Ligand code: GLC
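Presented as structure tokens, the chain that follows is alone, the form predicted on its own.
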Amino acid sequence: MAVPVPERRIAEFEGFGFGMFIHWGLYSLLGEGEWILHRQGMPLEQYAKLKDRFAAEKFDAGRIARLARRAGMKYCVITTRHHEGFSLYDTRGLSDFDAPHSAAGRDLIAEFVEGCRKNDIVPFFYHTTLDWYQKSFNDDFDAYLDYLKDSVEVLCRNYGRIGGLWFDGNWSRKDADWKLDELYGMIRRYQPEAMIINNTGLQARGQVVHPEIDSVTFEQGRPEPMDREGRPKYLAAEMCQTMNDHWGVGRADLNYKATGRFIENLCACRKVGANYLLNIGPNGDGSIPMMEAAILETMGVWMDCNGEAVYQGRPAAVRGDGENFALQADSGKLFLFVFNLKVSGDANVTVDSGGVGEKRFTGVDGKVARVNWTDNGEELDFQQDLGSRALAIDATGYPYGVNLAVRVAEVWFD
């Protein structure tokens, strides 16, 4: 059975490879994660008063977009409205629980879109479908769905072309009729080239929930290979992940993952053709936590060496030993991803050296002319058996002072 050809927006999305998720709202003022309203059972009237403190005085959309670009990211997804029900955009009279009616007194999504476009970042809009603030969500679901559709229509009609809509919350009422045909049909009318993504949550990673969906989601978990043969539509895939244990800022959450793990996850995503959406949680004033900015700067160092492999590489039939794998570019170039490679150096200063030596790959077609590391251009010795389609490279260790977590070699063919 044939694999369907991806529609243009989906092919473009797959080429982005790496994106930024931004969770920011009233909850950010409290610094205890994005679920604090629900978790602490706060009275809505008390919680709503937070908007009088939400001045967003340090929110700099241009700086955030430049940080994303420095990290090698191609798109940003921001929470235009999270489950708390507060909108960062001007709802045009649908509600006064929005940024223009807060201490900020302005449309923060308009600023976000402008900052993205000035810095060659594609803006995407996250929008909750679950709403703790709107009483109609529990009392009159049909009326709530009208409010939801009208809210999304505001986003579709007032900010120019966007990369996509990223929904989250349908898992809260699994058996409800969410009237998705109406919602998605409206999006297609106003934003025909926008990706439509609806997060299936931690318990249903990779599931397809509607024919109009353009990408499946893998929240906080590495994606599985997509089986696209005989499917009615080519679907993309995307993994989203937090840097620590919270989406919204947690001031006391110090459990940040190692940068090497983010690099490994990005590579694991690209191995199966999926995108990697890495989250930041700005502070209540809109500034970026120092640790999160530093992680993104560090990711940018890796992407400086390997951006071509991430953006242009696609899953290949080539197989490596262990975690090692290969991606194939349309140009014909092959990229070999090598894990667990150690630093080479004096035994008195090098900890746990090893991992160097022969790395075997099978399924390689074409006569290899040269193999070299992408980070320093060092040419590697190799042996090839054309008959068995096998390639073995002699992987040198990182020079002392370097460790990229995952090292990439590019293979050139005659």
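For clarity, every value in this text was computed on a predicted model and none was experimentally measured. Note that residue numbering follows the sequence shown and begins at 1.
Separately, the form predicted together with alpha-D-glucopyranose exists; it is not shown, and the next lines address it.
The stretch among 108-116, 207-215, 286-294, 161-169 whose residues place heavy atoms within 4.5 Å of alpha-D-glucopyranose in the model of the complex is 161-169.
Contact annotation: of the candidates Glu308, Glu219, Asp150, Glu323, the single residue with a non-hydrogen atom within 4.5 angstroms of alpha-D-glucopyranose in the model of the complex is Glu219. Comment: alpha-D-glucopyranose is not present in this chain, but in the model of the complex one of Phe262, Trp247, Tyr184, Phe137 has a heavy atom within 4.5 Å of it, namely Trp247. In the model of the complex, no heavy atom of Tyr398 sits within 4.5 Å of alpha-D-glucopyranose.
Shown alone here, Tyr126 lies within 4.5 Å of alpha-D-glucopyranose in the model of the complex, counting heavy atoms only. In the model of the complex, Asn199 approaches alpha-D-glucopyranose with a heavy atom inside 4.5 Å. Taking the partner from elsewhere, Phe21 is found to have a heavy atom lying within 4.5 Å of alpha-D-glucopyranose in the model of the complex. For the partner-free chain shown, His82, His83 of 52-85 come within 4.5 angstroms of alpha-D-glucopyranose in the model of the complex, judged by any non-hydrogen atom.
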